[in-house]
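Presented below, as structure tokens, is a lone chain in the form predicted on its own.
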Amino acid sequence: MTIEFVFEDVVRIYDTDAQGIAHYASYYRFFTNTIEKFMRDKVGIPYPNVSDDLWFVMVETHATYKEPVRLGDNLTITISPSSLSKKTIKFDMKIISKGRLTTQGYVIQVAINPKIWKATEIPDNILKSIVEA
């Protein structure tokens, strides 16, 4: 898949430690905000709780930090669905600041039925919307 969606964000005070550098947990906020906007704006569904019978939950995340981002930095976050199955989605993520790749990683999500907290199939129309986004 070669789909790429771009989201702009900024490093806020609550993202940083005492030195003004983004704390590692903040990168997952950047990732999550980007996925949320992609799912809402491009796929056309609420996220992560799509319906009473379908939620998306993260089961694996990874990030490699190449350069720090700091308070006030403008960020460009790209997302690309790199792997889809009937029950999972893997999103590749990149964060760019000042024209430089600062972070890359991925998020793997599983579709679940929250009533029984078990994996469930992602409806075909959602899979199709992700592929065509």
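All values reported here derive from a predicted model rather than from experimental measurement. All residue numbers refer to positions in the sequence shown, first residue = 1.
Just so you know, the form predicted in complex with another copy of the chain exists too; it's not on screen, but the next bit is about it.
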**OP:** Would you please decide whether D41 lies within 4.5 angstroms of another copy of the chain in the predicted bound form, comparing each non-hydrogen atom pair?
**Re:** no
**OP:** Examine R70 and determine whether its closest non-hydrogen atom to another copy of the chain in the predicted bound form is within 4.5 angstroms.
**Re:** yes
Original post:
Is there a non-hydrogen atom of E60 within 4.5 angstroms of a non-hydrogen atom of another copy of the chain in the predicted bound form?
Top reply: yes
**OP:** Answer for Q19 alone: is it within 4.5 Å of another copy of the chain in the predicted bound form, judged on heavy atom distances?
**Re:** yes
**OP:** Name the single residue among K94, R29, K87, K90 that comes within 4.5 Å of another copy of the chain in the predicted bound form, judging by heavy atoms.
**Re:** R29
Original post:
In sequence order, which positions of 74-94 have a non-hydrogen atom within 4.5 Å of another copy of the chain in the predicted bound form?
Top reply: none
